[in-house]
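Presented below, as structure tokens, is a lone chain in the form predicted on its own.
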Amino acid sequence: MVQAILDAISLGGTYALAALGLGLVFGVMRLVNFAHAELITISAYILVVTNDLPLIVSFIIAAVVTALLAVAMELLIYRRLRGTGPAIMLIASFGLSVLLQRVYELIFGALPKSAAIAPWMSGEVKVAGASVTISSIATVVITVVILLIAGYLIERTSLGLQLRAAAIDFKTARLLGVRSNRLIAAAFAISGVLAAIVGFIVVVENPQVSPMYGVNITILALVGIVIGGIASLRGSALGGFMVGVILSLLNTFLGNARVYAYSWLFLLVLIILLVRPGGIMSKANEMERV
């Protein structure tokens, strides 16, 4: 039971970080960035190919490259399309996602690449008389620390105030002096760093990295954003956490029927949306067309 709870919290925290990264970009641009999956993927690839380096050095390289790729997406693609319709931006993000997957195939090959990332995390320790994996404990600690740092950044800093203002009403925020280009670039950079952290957490558990490595977690993080409140950064993190916890518990307690875990998850999502169409953190009468 202790292991199941830790696994649920760690997976929930991972999805919360992924959802927060997506929510930051959506907040300032109203863009569902499907290419966020490829940011997670490139982080995992870099961690694998630089595995011979010290872990901290390998992660710093992954975080810097991922953040730079995220900013490059904004500068080269999304900034040029800014002001076009949401459908065009959505198609552009999907096209960019597919393009990067093919680029990863050319660079790293179509077959999965693997390496033992942080092998010390594969051991077990005794907690409350039960054996739990070190990776579960480390993941919980990492996600809690990062979420606290992200919370401080969003709630207590000038940049965070601007991000929250832009998420509520970007046009008004610009009229009040928010520099849109700088804010959007910062949101993409932070999103890239969060994607690198998610990539590290995921690759420790599953070191088989392929070009579509980050797609599944990104789709479920998007689900989390919707049920948490698509215009709320807090709601994004909460929704992602809920999706991760529910999915982990379903996989644990369904036993041989775990193949239906996603079916039960999306049934619960539909129920939540029927009760709160705008998301858990939205006002009762608040709905947004997407």
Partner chain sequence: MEKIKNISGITRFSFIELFGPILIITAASCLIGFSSASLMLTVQFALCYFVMVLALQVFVGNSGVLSFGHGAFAMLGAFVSGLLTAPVRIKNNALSMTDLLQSIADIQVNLYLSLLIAAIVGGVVAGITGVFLMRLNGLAAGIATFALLGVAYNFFFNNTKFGPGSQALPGVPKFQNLFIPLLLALVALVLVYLLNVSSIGRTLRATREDNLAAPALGINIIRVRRIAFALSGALAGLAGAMYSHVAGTVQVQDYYLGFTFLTLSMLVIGGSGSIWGALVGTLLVISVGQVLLMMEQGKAIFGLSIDLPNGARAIFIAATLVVALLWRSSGVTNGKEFAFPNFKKKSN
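In this text the structure is predicted, and so the values were computed from the model without any measurement. Residue numbers count along the first chain shown, from 1.
Quick note: we don't show the form predicted together with its partner chain, though the next part is all about it.
| request: May I ask you to state whether residue 48 is within 4.5 Å of its partner chain in the model of the complex, using heavy atom distances? | output: No.
Checklist entry - Would residue 59 count as a contact of its partner chain in the model of the complex, using a 4.5 angstroms cut-off between non-hydrogen atoms? => result No.
Next on the checklist: Please tell me whether any heavy atom belonging to residue 246 falls inside 4.5 Å of a heavy atom of its partner chain, as the geometry stands in the model of the complex.
Outcome noted: It does not: once its partner chain is placed as it appears in the model of the complex, residue 246 has no heavy atom within 4.5 Å of it.
### Message
Is residue 253 near its partner chain? Define near as a heavy atom within 4.5 Å, in the model of the complex.
### Response
No, residue 253 is distant from the partner.
- Please state whether every one of the three residues 6, 141 and 159 places a non-hydrogen atom within 4.5 angstroms of its partner chain in the model of the complex. No, none of 6, 141 and 159 comes within 4.5 Å of its partner chain in the model of the complex.
**Q.** Partner-proximal stretch of 146-154, 201-209, 103-111, 173-181 relative to its partner chain in the model of the complex, 4.5 angstroms, heavy atom
**A.** It is the stretch 103-111.
96, 117, 190, 71: which sits within 4.5 Å of its partner chain in the model of the complex by any heavy atom? Checking each option against its partner chain in the model of the complex, the one that comes within 4.5 Å is 96.
* If you look in the model of the complex, which residues in 63-98 sit within 4.5 Å of its partner chain (heavy atoms)? -> Heavy-atom contacts within 4.5 Å come from 76, 77, 80, 81, 84, 87, 88, 90, 91, 92, 94, 95, 96, 98.
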